[in-house]
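Each of the two blocks below gives one form of the same protein chain as structure tokens; they are labelled structure 1 and structure 2.
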Structure 1
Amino acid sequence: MITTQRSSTGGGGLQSPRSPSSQPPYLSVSVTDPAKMGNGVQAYISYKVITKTNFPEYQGPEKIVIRRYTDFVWLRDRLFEKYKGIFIPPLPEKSTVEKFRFSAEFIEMRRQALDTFVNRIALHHELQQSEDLRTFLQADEQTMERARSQDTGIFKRKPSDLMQIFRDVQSKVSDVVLGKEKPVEETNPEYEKLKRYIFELEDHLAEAQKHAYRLVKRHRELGQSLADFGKAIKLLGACEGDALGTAFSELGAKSEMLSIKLQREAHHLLMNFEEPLKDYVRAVQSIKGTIAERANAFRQQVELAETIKLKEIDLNKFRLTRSEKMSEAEHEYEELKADSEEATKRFETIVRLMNEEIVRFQEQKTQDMGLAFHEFAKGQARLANGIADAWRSLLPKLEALSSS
């Protein structure tokens, strides 16, 4: 849960022009209290979404609604549609493994990710003004359900669909349609560099995240083996008896205690290091979606420009021949010009937004990762100190026992 402090530093409320109150504008959201609803295959988790705000468009200072994962997905998709060029915050994935769908850890990880998701939207100077966001944060469940069901079908384009389109752009199909041999792409070298960067970055991050996850598992495994070792040594101590037996028992007990520390650290590592890394990966994937949108917009612009050229030729032909088709052609020509201007404007908006977004993204990620690294290092130091203290504390006792 992110406090009001952060929302003001994020510059969230500063651009909202209308607040009548003297208090600076704020929009703070938290996703809490996951609860299991329903039974069997239909079962799902619902979350409480609490909104605290003084934005005039919102009802009252506080509002609580109940939402489920698919509602979040709806919000993300709507924003993706409407705010092309902006890097929409990523969502946690759908769970593929049935077994873990309701595990406490998975639910907590998801809740945290959803909370981060909504807050990022709330803090983004453009996204926070979205009507869909308002619906999401305030509408009652029926309205929400209606809105959700309306958006299914062929008109709904998911980022994954766009990825496909993006790939198509690079395929020969569109070339054939346009009658060209090479794909229609921007020739902006800086942008090329950015695209390459994003794609490579995803690979590097994915690898780092994979190892981070494994490290969590290793902590757990080490914890488990320490517990088993401790237990076995205690049994051996019972067998031995006397001073040696006591020494073994003490060692065993310490070992078991350290096992608990390790499990705790494993959890901390997961939530404060691995998850931020995963979040980073998702964010990069989201950017790929935006890249696809831009490519799309570019292609449209180019196609329209081509079409207009052809239309111009036709028009001139008609002008020369004084054909009756001329007025119709002129009319079409005007329409096309308008469309073309629209397409160009759309494209240019995307470019502009992306340029702003990338700066913001890099800065945000440095902050996020800086914190993650700090937590990682802090956690490891804490664990190591705990281990050292525990073992050292045994030494005087051991000395005493060995000499007895």
Structure 2
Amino acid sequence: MITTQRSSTGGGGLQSPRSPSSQPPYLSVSVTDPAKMGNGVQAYISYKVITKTNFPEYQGPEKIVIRRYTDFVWLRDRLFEKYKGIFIPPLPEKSTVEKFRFSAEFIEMRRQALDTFVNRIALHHELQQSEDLRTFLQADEQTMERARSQDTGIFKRKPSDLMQIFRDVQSKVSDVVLGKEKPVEETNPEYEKLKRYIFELEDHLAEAQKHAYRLVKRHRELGQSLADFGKAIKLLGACEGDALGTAFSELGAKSEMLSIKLQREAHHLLMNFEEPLKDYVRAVQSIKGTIAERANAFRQQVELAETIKLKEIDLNKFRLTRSEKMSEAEHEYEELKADSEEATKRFETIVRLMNEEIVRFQEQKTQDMGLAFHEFAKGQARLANGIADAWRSLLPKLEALSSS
């Protein structure tokens, strides 16, 4: 759970209380108590979403609702459609593997990721004011289901269609980097630099996450090997009735104890190191969606400008010939100008918001990655010390045994 204070609309500063004795505006959200609902292919996990706030737009100081994964998807899609230029927080993937999607570990990873998702929205000075967020945090299940069924948008497309958008943008950036063609979109050097950074960041994060996964796997495998070794050594010790048997039994017990430590550290590594890296891979993919939206906005602006030029040529012809189509053409021209002005404003808004968002993203990434790597180093130091202490405590007895 994260408690967030409302920011002023114009920036990141906190809003001043109405009076010295009043409490600053706050919004805290927690995703808790995952529970399996239904059976077979219809089964799903529900979550309790608890909201505490003094925002006047909300129904009261506390609200508890039940949500499922598709409700979180609805919220993400709605925000993506309405807040062009803002980096919408990513959601965890939906597992389709039956034996994994209802495992305790997967459910806890999903719960943690969903909690992070909704709190990032609550922290954002623009997104926290969303009417859709209020609906998500307050509506009853029937109202939420109706909202989902009426929804349309980019994420209603097939996943392959959405990924094609990302691939098209990535291909254009790659061609620019490799010098295969000149940029056909914007020619802003800073924007091209940003796109290259985002795609390179995705590659490096994915590579780091892959190796973090291998570290988790290695810890688990070593833990299992120590557990098996400990059982075998204890059985061997049971065959011996003297000091050798006692030493073997203690060695087996230490191995089993270290096995538990390794399994615990593997889980800690998964939740506090691998998952944050995976989350940032998803975050970069979400940013790529915003890049695609910016490219679309730029193209619309350019296409409308070109259409207006052609329409002006037609108008001049009609004026010279005093055509009866003149009135209709002038009306179409004014509509095109209005559409062009709106497209320009839309594009400029996306550019402005993206410039603000990348600064916020970098600051948040620095904090989150610093915490993740700190947790990694702390966990590895803790595990190394535990292993060293365990083996060290056995050395006197084993030395005495070998010298007897």
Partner chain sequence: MAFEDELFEEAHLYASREEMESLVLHDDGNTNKSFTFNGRDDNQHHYSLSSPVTVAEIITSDDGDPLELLSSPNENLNSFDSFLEPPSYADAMFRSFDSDHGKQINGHGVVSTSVQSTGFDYLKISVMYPRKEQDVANSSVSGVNTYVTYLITTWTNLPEFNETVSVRRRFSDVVTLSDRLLDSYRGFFLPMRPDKSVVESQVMQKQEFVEQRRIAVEKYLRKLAAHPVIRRSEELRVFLQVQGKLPLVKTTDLASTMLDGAVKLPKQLFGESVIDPSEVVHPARGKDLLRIFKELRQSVTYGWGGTKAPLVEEDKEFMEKRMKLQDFELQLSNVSQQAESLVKAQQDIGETMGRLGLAFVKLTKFETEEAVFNSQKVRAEDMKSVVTSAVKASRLYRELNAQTIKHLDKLHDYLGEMLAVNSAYSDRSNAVLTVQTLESEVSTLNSRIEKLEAVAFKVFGGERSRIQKIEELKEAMRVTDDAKDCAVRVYERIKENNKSELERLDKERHDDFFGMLKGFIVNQAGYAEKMASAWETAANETSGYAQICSSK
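Note that the rigid core is defined as the largest set of C-alphas that superpose within 1.5 Å between two forms. Counting starts at 1 and follows the sequence of structure 1. Fair warning: this is a prediction, and the values are worked out from it, not measured in the lab.
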query: Chain form predicted on its own: structure number out of two; finding: 2
query: Distance moved by the L395 C-alpha between the two structures (core-aligned, Å); finding: 2.4
